[in-house]
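Form predicted on its own, single chain, as structure tokens, below.
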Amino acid sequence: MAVTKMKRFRVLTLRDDSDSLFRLMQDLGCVDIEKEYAESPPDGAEALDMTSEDSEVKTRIAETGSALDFLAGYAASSKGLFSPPREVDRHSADNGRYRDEAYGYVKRAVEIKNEKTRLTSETQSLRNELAALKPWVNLDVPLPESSTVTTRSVAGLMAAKTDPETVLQSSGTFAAVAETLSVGKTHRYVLLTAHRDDYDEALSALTRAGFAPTPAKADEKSGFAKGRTAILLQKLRADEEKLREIDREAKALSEQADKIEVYHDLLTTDEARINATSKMAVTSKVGMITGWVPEAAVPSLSEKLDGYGDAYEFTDPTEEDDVPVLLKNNKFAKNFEPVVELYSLPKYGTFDPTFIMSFFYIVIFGMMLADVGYGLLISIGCFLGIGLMKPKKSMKNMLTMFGLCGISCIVMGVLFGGYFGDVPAVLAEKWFRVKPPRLALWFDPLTNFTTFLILSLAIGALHLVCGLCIKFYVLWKRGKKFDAVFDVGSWIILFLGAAVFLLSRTAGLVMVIAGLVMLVATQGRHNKNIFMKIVGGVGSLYSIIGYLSDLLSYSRILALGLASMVIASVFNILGTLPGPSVIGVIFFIVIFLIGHLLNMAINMLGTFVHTSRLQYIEFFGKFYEDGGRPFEPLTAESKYVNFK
């Protein structure tokens, strides 16, 4: 329920010892390294050039990724969706021997991948050339053209329906012959032989009719088309055997994929450390490291640094500092931090609404998707996913959040009678011809939508007032007590008075009038002219329209809730149309599964979007100060494994 307090951290270390210090901070995972200087290093210092190291590690990461992608196709068994990442002791794996062995596998995998790409391209070219030679295999002349002292010949293709001799005869009198060697479904294979004097005209006539020289090439030295075909077939068989050898070697290499994955993550960890190191300012002997540390982590970091003998200090941030933000919430509220992060982190030193927001989020989500069946599927799916996949922290928090929202859907489903829509009632009425049971423990929104609307607006009013109370608290804590009482407290009194009016008209009316008087008397106080003070005070009442607009936004709870219920009911009715027969049961099961899965997926997405929107616009809009940048400590980065 708060933004973690940060300390600025600075340490002076020997330049030669900086790498071991960065490794220590990476192991601790509690220091957000920032650049020691804004634009240029301070006098007497220089930027540490890590370009060469960064380039090398990026190249190796690319090679390793390429090798893993290639070997994935040869793995004996693919990793399933719910396969949890392996846990690996990073310090045990991070040694020269392990790295050299893994990189050897990477280099060999990349080599055979490139060789396979080359051979695959070459075999395709050979097959294309063989296909081009096939029609001419019995022709003992060079391809595509040949000549004698008096004649010239060219082999080519034209449309199967076109007769080349007819074309020549209709085009003039040539000393030329167009011999058809074979006819396929779409093409005719023709050898044109003409006297040298008539060759160009004869070829031009055939070209106009669609003739084109064959792409096949063969000469007397290679044995014409037949000999060239034999040579190509021998080459093709040799290449195919090499490809089979590559596949066998790749399959054997795929058994080392686990080692390559660990090596990849060691490299990404190196890359993170190199990027952090490049932010250091150095002299010939000394380096200065600057960053941010959570206040709670200062003792443990100090204890480690004392063993190095380096000079270090922790100081409080100033107003000019761009302090990173780390949210600090209890185990329950931490699961809802992704919702806040999707919007924007609160500015450092401001109020973190995650804890309070989490309760409203669960309630509103459950009201929008109030169904026991849907809630069970969501919760089981999310909690089962956490147990099977062992996801990383951010994904685990998101799944836990949706799992808790699923429980809310179950509770609301019991209250409002949502059991995959109204499937028990529809089956009872349509198939068993009995009176439908009462499903709702409280009320059915489909028949009491006015009650549901009032409930939605009541939740909205509570949500808005809660936002104003937070604003009151923030202003009061900053010492702006007058602003808290009259700029915010007056509205709270006004709205609470409107609520009390429903129970006690006199008391409610007194509170409403008190709130109005406070607003009119104080909201124009910044104006110097007495007339403008009055106008400003009266004009502030126009904000009531804005608050009413915000309140009406909560009618989307009604809209989303009714939408999911009505669609579910429609699918239930459609499923029962054939009646209680064998075919009817099969039809019902198919419609039930498809319809409710679609309904749940679409409305779950809509519920997530609109529940978040109510937090971001209506709730956060009352007090939230965004713009915080996330706290990103130097840690071991991994993609394939979890480092211990």
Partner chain sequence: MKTFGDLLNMIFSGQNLALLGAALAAALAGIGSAKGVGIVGEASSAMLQEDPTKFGKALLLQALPGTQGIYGLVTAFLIINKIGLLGGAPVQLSTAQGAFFLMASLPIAIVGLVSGIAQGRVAATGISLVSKRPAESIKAVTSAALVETYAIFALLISLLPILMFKV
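Numbering follows the first chain given and starts at 1. What you see is a predicted model; the values in this text were computed from it and never measured.
Another form, the form predicted in complex with the partner chain, is not on view; read the next lines as being about it.
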**OP:** Taking 4.5 Å between heavy atoms as the contact cutoff, choose which of 286, 574, 514, 407 touches the partner chain in the predicted complex.
**Re:** 574
Original post:
So which of 567, 411, 132, 253 gets a non-hydrogen atom within 4.5 Å of the partner chain in the predicted complex?
Top reply: 567
Original post:
Would residue 563 sit within 4.5 Å of the partner chain in the predicted complex, counting heavy atoms only?
Top reply: yes
Subject >> Partner contact for residue 446 in the predicted complex: the partner chain, 4.5 angstroms, heavy atom >> reply: yes
Subject >> the partner chain contact in the predicted complex: residue 613, any heavy atom under 4.5 Å >> reply: yes
Original post:
Taking heavy atoms only, is residue 426 within 4.5 angstroms of the partner chain in the predicted complex?
Top reply: no
Subject >> Answer range among 62-70, 47-55, 580-588, 599-607 for contact with the partner chain, defined in the predicted complex as heavy atoms within 4.5 Å >> reply: 599-607
Original post:
Even though the chain is shown alone, can you say which residues of 336-371 have a heavy atom within 4.5 Å of the partner chain in the predicted complex?
Top reply: 342
